[in-house]
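For reference, the chain that follows is the form predicted alone, supplied as structure tokens.
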């Protein structure tokens, strides 16, 4: 059995489809294999850019409702909050002492901030160390990531290895990245890289009206209604393949190749398929809208569970580093 972790930062007001297919669905699939699956809310990480309590609170609440709405009914997945782990930042401080400054200068998060010519706060600079603690404090084996996030896992492995070598121990596992190459083929609505400024993604829990408006903006070819179209070179069909059964895909593919089937028709079919795919999740989400008691009860239970694991790891670290006297036996 493998211990697997993923998380989505509450920096945006909601979860989009690429969050789901990149971070959550791989875990739900793994859960079928009886792995130990965990999802966490990395709210400390949000402080690199959000400094408004009301925005962060609303983002956290919405993301939690979305997590719980999307989780399969009979699931053993654990969900916990990063900011509720008591000794996490104590471990981060200790990991700082075995992390080279030169490593942080190579971090994508740091370089991106430099390229934006923005003031770089220390939370951005130390971001990879906190992320490392998120993973190795609980002995996770696998973390599903996008290809451009692979560096985070490489850093986590390097920092864990540095600590183990420095203190001549094997307390930290070296986690593995799981990259789904198929996700690299998922198009954004305008074929460009995903960006908040481009607004080129589709939120899962938006109203049907807003979702339809966004789907209708998907960039397509210039063929007329009467002309046949190539489904294998179409943004809309690429998204349809994520959600539709093979028989439905084939049915729509034949429509592309026939006459009098326009991109407008394909977009409407995509909307219908997406709404059907997330129907149960959207209903669950609405049920949480005015009552999050169940969510808070489960979080209290799971936060305690993850605190216990982290506390035990921290106790071992204290003894290894000499910050706490070893028990004489």
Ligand code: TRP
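Heads up, when I say rigid core I mean the largest set of C-alphas that superpose within 1.5 Å between the two forms. Positions refer to the first chain, counted from 1. It should be emphasised that the depicted structure is a prediction, and the values quoted were computed from it without experimental measurement.
What follows is about the form predicted in complex with the named molecule, which we do not show.
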**Asked** With the partner left out of view, is residue 42 within 4.5 angstroms of the named molecule in the predicted complex by any non-hydrogen atom?
**Response** yes
**Prompt:** So in the predicted complex, does any heavy atom of residue 9 sit within 4.5 Å of the named molecule?
**Reply:** yes
**Prompt:** Within a 4.5 Å heavy atom cut-off, is residue 163 in contact with the named molecule in the predicted complex?
**Reply:** no
**Proximity of residue 127 to the named molecule in the predicted complex, heavy atoms at 4.5 Å** = yes
**Complete:** Of the candidate stretches 134 to 142, 98 to 106, 211 to 219, 236 to 244, the one with residues having heavy atoms within 4.5 Å of the named molecule in the predicted complex is 134 to 142
**Prompt:** 83, 149, 87, 78: which sits within 4.5 Å of the named molecule in the predicted complex by any heavy atom?
**Reply:** 149
**Prompt:** Cα of residue 307 displaced 2 Å or more between this form and the one not shown, core superposed?
**Reply:** no
**Prompt:** Can a Cα shift of no less than 2 Å be assigned to residue 23 between this form and the one not shown, given superposition on the rigid core?
**Reply:** yes
